[in-house]
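Just the one chain here, laid out as structure tokens, in the form predicted alone.
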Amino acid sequence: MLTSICGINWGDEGKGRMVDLLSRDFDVVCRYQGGNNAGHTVINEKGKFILNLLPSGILRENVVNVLGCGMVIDLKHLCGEMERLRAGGIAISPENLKISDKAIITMPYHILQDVMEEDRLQKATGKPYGSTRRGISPVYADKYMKKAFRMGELLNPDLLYSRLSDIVDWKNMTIKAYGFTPVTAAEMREYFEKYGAPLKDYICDVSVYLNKAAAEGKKIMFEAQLGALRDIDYGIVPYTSSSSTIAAYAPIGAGVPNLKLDNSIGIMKAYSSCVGAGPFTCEYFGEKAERLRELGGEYGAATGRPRRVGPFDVVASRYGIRCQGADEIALTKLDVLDSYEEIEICTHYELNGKILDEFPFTDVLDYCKPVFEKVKGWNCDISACRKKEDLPKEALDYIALLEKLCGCRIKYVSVGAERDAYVKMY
């Protein structure tokens, strides 16, 4: 059984919380794209954990976790993340964590490039991309220019260092053009030795491991980062990530392109949130935004940035469900809406007097206006609900309406951050 857990919207839908819950039924959890530019927050009996690179399955003792070849890995950040989890009582060893030898290494100069370009855009246009400044775009660019380092090269230092000087010289052409101090090969070598050496025992051909696991009938979960609207092809370009967040990419980015998904579970919030710049048609402003942001604790797990918020967006969600090929939905943070007597839903967009049902090309999104409809709220605490029949009628009506408007069944409903705070609808 191969299952993908993927984001339907702009990211930050609560994937980590659902992966942590559902991973109890899986043998392997695999991250297949992205780097440390987003975070998954998980709360369980051991405490609160923020994961940027490690799969959320790392918090379960009997789950093997994989960092796939589609990822970009900041060595320093990964070492620090592993140390923090160990300090929190989480066991990590080569037995339960395997890193693809084909995954790409995020270098310090990639982070520098990211910062330089965001600052240049801010100064020149006042419109930066809203990057997390963690080097993601530059490292993926180097991957496709075939000038990146791969994790497997850490196992062959002679080959690694034979390439280092030429790549550093090439990279410095860009750094000097921005007016910054060039990096040195010695500094980069120190980075490899300090942060790469502790990871060597974890590096392997994960394709061999995953194919063997699948052949043995083990259940494999693929954990995505971000959501469909941040995908490099299908998202709101250029305000996207630089990798494919789409479920269909999961076997490729994991290292097993020969395998096929059996199930795609899409994660979406009971309202909308968005970190960073770019079009966000359903966005709330002022007091409405502040209220929803505070109720939902909407601050980025990776950056701490306040998230932009708004009501549930049917147009964007329907598009995301189609992109992800979602078979079923997990709806998160329904409890955040507990105190609302009326709840707004963005059911359509309006563009130059025309009503849009389909998510449009990015360039026209800035000119779209949201069309809101109101439904009755439940105005009571649902955090203790654990069965469908425990939910108030208005909450059930809201869930049923989202199912109808989006065209996909909602199987799980989260009513709190804790591991057991959810309702299974069928």
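For every residue, the number given is its place in the sequence shown, counted from 1. The structure displayed is predicted, hence computed values, not measured ones.
This protein has a second form, the form predicted together with guanosine-5'-diphosphate (GDP), left out of what is shown; the following refers to that one.
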Seminar exercise, completed: Testing 363 to 371, 32 to 40, 390 to 398, 63 to 71 against guanosine-5'-diphosphate (GDP) in the model of the complex with a 4.5 Å heavy atom criterion leaves exactly one stretch, namely 32 to 40
For this session: Could you tell me which one of 206, 336, 97, 323 places a heavy atom within 4.5 Å of guanosine-5'-diphosphate (GDP) in the model of the complex?
Result: 336
Exercise. Is residue 414 a contact residue for guanosine-5'-diphosphate (GDP) in the model of the complex, using a 4.5 Å heavy atom cut-off?
Worked result: yes
Exercise. In the model of the complex, does residue 110 have a heavy atom within 4.5 Å of guanosine-5'-diphosphate (GDP)?
Worked result: no
Exercise. Does any heavy atom of residue 134 come within 4.5 Å of a heavy atom of guanosine-5'-diphosphate (GDP) in the model of the complex?
Worked result: no
Problem set entry | Any non-hydrogen atom of residue 308 within 4.5 angstroms of guanosine-5'-diphosphate (GDP) in the model of the complex | no
Problem set entry | Any residue of 10 to 47 that, in the model of the complex, places a heavy atom within 4.5 Å of guanosine-5'-diphosphate (GDP) | 12, 13, 14, 15, 16, 17, 39, 40, 41, 43
